[in-house]
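Quick heads-up: it's one chain on its own, the form predicted on its own, in structure tokens.
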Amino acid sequence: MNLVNILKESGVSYSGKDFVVFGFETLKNANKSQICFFNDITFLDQLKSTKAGAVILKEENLKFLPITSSAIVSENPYLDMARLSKYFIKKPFCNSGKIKIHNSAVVDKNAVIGNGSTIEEGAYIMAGVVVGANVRIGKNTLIYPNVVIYDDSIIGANCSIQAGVIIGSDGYGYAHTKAGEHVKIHHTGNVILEDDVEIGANTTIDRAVFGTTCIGKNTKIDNLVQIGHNCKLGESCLMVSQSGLAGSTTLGRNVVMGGQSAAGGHLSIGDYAQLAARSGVTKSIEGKKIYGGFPLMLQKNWLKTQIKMIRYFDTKKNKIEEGE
């Protein structure tokens, strides 16, 4: 689609050069046939070096835009990005390519494999599995019943995906108007599971808005875990049942998240960090430490705090019972 036509139809003013747009991408990864948006000063260096054909941004940030990129000036870049995202979605589970299934792979007759998808040697796909279009399932990967893998996902070798897992669904992303309306951000990215990843039953991993949600090699994820769009998990992480990550959070290698622990969006958790059960992360944290509680602190300090509270209330209770 031509950029001028898209912007005219969506009511966004534009006076730059016209070109055929193939979709949204991040500032860091965009090329001259893609557009992106800038709404966070954290990514200023990426704006200055972007190769994008055009960038949606506020007028005050025009001075940082490379001369190779056209400006789409906006009062609310995030909202305009959401409005434009609908122009780049593909019809789901639709592809004209041939299905390729290795002769050593086993695919149950009640599984659905989308056009353009590849099932590599030794893979085993059970009844009720739905594999979307343009998906790749790696060697010796085992997929249990009723798993759904959305379009463009890439599953590595020797993975295990338990029943009811959803990989590649849209993340929870909306922009908001002044009137309080919620405008859906259509997700056009994908999910990649690297080799030797294990996913527990009824876990959900959201596709990226644009770019990739990535689960690193040898990571093991328990049942009922939620991983938001654009998250990046390093190698050999462990996520225990009911833990969760909001969008665009990065885990280093060998991070451990206990049951019902959670991290807010756009955070970074360092290598070898450990989070105790029910702990909550609201800002980026260093690796090689054990954390607990909410507000988050070192686990040893959290335990000391709990002991002090118990002693305080026990003392108060005893005084009341003694009539003091």
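Numbering starts at 1 and follows the sequence shown. Since this is a predicted model, take the numbers as computed values, not measurements.
Form predicted together with a further copy of the same chain: not shown, discussed below.
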| query | finding |
| --- | --- |
| Distance check, residue 99 to a further copy of the same chain in the predicted bound form, heavy atom within 4.5 Å | no |
| Partner proximity in the predicted bound form: residue 261 to a further copy of the same chain, non-hydrogen atom cutoff 4.5 Å | yes |
| Contact test in the predicted bound form: residue 184 vs a further copy of the same chain, heavy atoms, 4.5 Å | yes |
| Residue 124, heavy atom within 4.5 angstroms of a further copy of the same chain in the predicted bound form | yes |
| Listed residue (84, 208, 155, 225) with a non-hydrogen atom within 4.5 angstroms of a further copy of the same chain in the predicted bound form | 225 |
| Residue (of 203, 74, 249, 141) lying close to a further copy of the same chain in the predicted bound form, criterion heavy atoms within 4.5 Å | 203 |
| a further copy of the same chain in the predicted bound form: contacting segment from 133 to 141, 208 to 216, 76 to 84, 156 to 164, heavy atom within 4.5 Å | 156 to 164 |
| Within 4.5 Å of a further copy of the same chain in the predicted bound form, all of 231, 270 and 290 (non-hydrogen atom) | no |
| Residues within stretch 223 to 255 having a non-hydrogen atom within 4.5 Å of a further copy of the same chain in the predicted bound form | 223, 224, 225, 226, 236, 237, 238, 239, 240, 241, 242, 243, 244, 253, 254 |
| Note on residue 95-residue 24 C-alpha separation in the predicted bound form, which departs from the shown form by 3 angstroms or more | farther |
| Distance direction in the predicted bound form for the C-alpha atoms of residue 161 and residue 95, relative to the displayed form (3 angstroms or more) | closer |
